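Let's start with one chain on its own, the form predicted on its own, as structure tokens.
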């Protein structure tokens, strides 16, 4: 009978020594050797397989440059023939791909028929016999498996006011360099498109050089060059495009066009596997959309803002309140000190999942101007709290409705506003004990960055999606265009 219990694989740390000694007591491969690989062996990696709270398996392997050796794998006798060994081995293969390993080797006792059958089924090939390899004099059979490393992707993000270049191998971020323009635009209270383009031109070669250096990679090693094709500021997008084209032409590397919002969604894949169907909640300075995904590269926009994006609304409200740009951070900070004492209008839309923030923004602008004309004092903390509660409640209401109606397994929040502390709190209060999984990207990947572009590009690369050198940018590109791939 197959075991249907959810499993998890956890890397062993120094503090897990007692667990290792208890589980491995009596094995040929001594616990002290395993802990040596954990603590003192820079090339060693050790992982435990948990069945609920019980340790049922262990794998120990070494990575030396572009090769790997399996030191040991063991499954508790009570849980054999359930596919657990294969699960650990496949986990190791994915890790080896991420590390750029080209081949994996192992030794197995000649009489261990079940192990030999497993290794052959996983693609290992017999190479030769190592005579009297084991202490008892038994021969070892030497097996090798070729590993196809995950593609090494260089990604460029330049859609707005962040110049970013990242180098990744699958989910391993080798570098993610971001040159922010916030200080330059702050004096204007928002992003100035022409200034943004000029700053991209000034910064992008330095960012490229730094990204390559941080990743210890040469351009010749790159398998694909990804770039943000849209949406975004047309001039800013062109800077990233031209750098991508130049590198592609000189080094004969494939080009991959990436949708900016798809990148934001896939930033979550650095912390979780995507489970379909899922609801992606895209909330940023330029976009607010609810997107249903039934598979990779399949996007269905079920709702979007009919006017201002949520991030844009934050910035405009902050500006009228006399707060610095970017406004989202300042409003979130002030809201924690205030109370929702101002009565503000609840947004209304005709679309079931659509969003609207323009009316709320206009009401606040009129309110602040009226108070100034009357010489009355504005309580910024209370207004920030009042605005944030109404604006975010509108998003949360639509998220709850869509998650229920589409019976989703996951909710992924994406975009710059995904870093908002109150939005996180409101959604966690609803879904922490729910069957629906809720995820936010790491804080470092909430804003615009090239690592998120690389993550989506990885899937496009595996699908064979490339662009020719005559590709152009599209500042109004729709995410649903990827449904044809």
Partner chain sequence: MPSGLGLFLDSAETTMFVGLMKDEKTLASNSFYYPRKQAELLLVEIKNTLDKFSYSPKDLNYIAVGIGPGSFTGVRIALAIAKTLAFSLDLKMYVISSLLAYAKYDEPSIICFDARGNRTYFACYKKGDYIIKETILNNDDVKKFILEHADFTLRGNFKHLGIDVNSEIDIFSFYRSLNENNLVKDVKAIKPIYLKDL
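Positions refer to the first chain, counted from 1. Owing to the predicted nature of the structure, the values given are computational and were not obtained by experimental measurement.
The protein also exists as the form predicted together with its partner chain; that form is not presented, and the subsequent description refers to it.
- In the predicted complex, its partner chain sits within 4.5 Å of a heavy atom of residue 246.
- When its partner chain is considered in the predicted complex, residue 349 lies well away from it, no heavy atom lying within 4.5 Å.
- The closest heavy atom approach of residue 126 to its partner chain in the predicted complex falls outside 4.5 Å.
- When contacts are judged by a 4.5 Å heavy atom cut-off, residue 134 does not count as touching its partner chain in the predicted complex.
- At a distance of at most 4.5 angstroms from its partner chain in the predicted complex, all three residues 202, 239 and 250 contribute at least one non-hydrogen atom.
- Of the stretches 299-307, 258-266, 353-361, 204-212, only 204-212 has residues with a heavy atom within 4.5 Å of its partner chain in the predicted complex.
- With the partner omitted here, the residue from 14, 10, 462, 469 that has a non-hydrogen atom within 4.5 angstroms of its partner chain in the predicted complex is 469.
- Shown without its partner, this chain lists 405, 272, 112, 197 as candidates; in the predicted complex, only 197 has a non-hydrogen atom within 4.5 angstroms of its partner chain.
- Taking its partner chain as positioned in the predicted complex, none of the residues of 413-446 brings a heavy atom within 4.5 Å of it.
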